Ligand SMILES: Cc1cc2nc3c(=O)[nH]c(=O)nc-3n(C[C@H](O)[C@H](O)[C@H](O)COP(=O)(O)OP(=O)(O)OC[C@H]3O[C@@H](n4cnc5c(N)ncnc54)[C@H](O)[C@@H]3O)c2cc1C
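A single chain comes next, written as structure tokens; it is the form predicted alone.
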């Protein structure tokens, strides 16, 4: 039976990022994914400054390669559009950043880039078309049953990392609770469009709050080749309470919202609506224990207000790599401290984003917040703070 120290299940941004760090640490590992690459993954395709920071920590050369990739579009700001047409726009083009603080990239391109740049002769291997079909504890580790084109095989590992995305696989085999209850789940749909109008010349990420979608929001993110990622998302509890049909809401908004409808004139949908669920951060979900850790969407590393998940997912991989290194140094494989670390790291973000979700249930609250945040001194203070925070990252 083949043996490996660490088995990583899922080769999305979190899983592949962890593989990069384990290569740096010279830790024996195997990364598997049930798909072949390149492959699409439903997502908003927005990349935040924490993604750039993790790439730089892997290697400054990797960040340089990333920013020169043809399919990675630099974005220099973002804008929140209120129900009454209010605009809260932040532009960082002249803020002194060495690189744009945001990018957009189709997941088919981002995920393939991260896999393609893995070291070829390092401490790890990548097996595509390999699905985890069983997992059980045995001795001081696990026996994993893997399904491949040529047949099933068993693999012995000391540590298993769940990076399989929002649909539980490792969690199910380990008998863990996944917390897919509505209060810890967002639902969203994505549609790629061509020839969408109205984007800022700095390729800003655009968020729209429609009176019929509160407390959810609509997004339009520019991509290369004159394409855009468009979609909407809402907390599952609100969808159930309001009996919302997301596909119907999408059509209603692009036809009737006076600030969005003009952008879609002459635009062409290049795919059918694609839906997915986004498990959000909650300390109730146990993401680290004896012999295992969960990273990325598998660990619910999604911010509850905007649905941001790629950055926290890659950050969870970086932090998990440090605990894996320590575990092998001490020969102690309880990753409960990783669980505690992640929820200390994101404690304020969890508290604030759930507070925003709950506070923006009413449209008058949203309009009041937008009006207050648009007040020049407050907007300047917020922008200055973001610049200071961003500069620490990049």
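Numbering follows the first chain given and starts at 1. These figures come from a predicted structure and were not determined experimentally.
The next section is about a form of this same protein that is not shown, the form predicted in complex with the named molecule.
TODO: Only one of 42, 62, 365, 350 comes within 4.5 Å of the named molecule in the predicted complex by heavy atoms, so just point that one out.
DONE: None of the others qualify; the residue that does is 42.
TODO: Identify, from the list 263, 107, 318, 178, the residue with a heavy atom within 4.5 Å of the named molecule in the predicted complex.
DONE: For this set of options, the contacting one is 107.
TODO: Work out which of the listed stretches, 192 to 200, 158 to 166, 69 to 77, 87 to 95, brings a heavy atom within 4.5 angstroms of the named molecule in the predicted complex.
DONE: Looking at the partner contacts, the answer comes out as 158 to 166.
Open item on the list: Taking the named molecule as it sits in the predicted complex, is residue 9 in contact with it (heavy atom to heavy atom, 4.5 Å or less)?
Closed with: Yes.
TODO: Examine residue 219 and determine whether its closest non-hydrogen atom to the named molecule in the predicted complex is within 4.5 angstroms.
DONE: Yes, contact at 4.5 Å.
Open item on the list: Is residue 14 near the named molecule? Define near as a heavy atom within 4.5 Å, in the predicted complex.
Closed with: Yes, residue 14 sits close enough to the named molecule in the predicted complex that at least one of its heavy atoms falls within 4.5 Å.
Open item on the list: Considering non-hydrogen atoms and a 4.5 Å limit, does the named molecule approach residue 135 in the predicted complex?
Closed with: Residue 135 lies outside the contact set for the named molecule.
Task: Sequence-ordered residues of 15 to 39 touching the named molecule in the predicted complex, heavy atom within 4.5 Å - done: Contacts from 15 to 39: 15, 32, 33, 34, 35, 37, 39.
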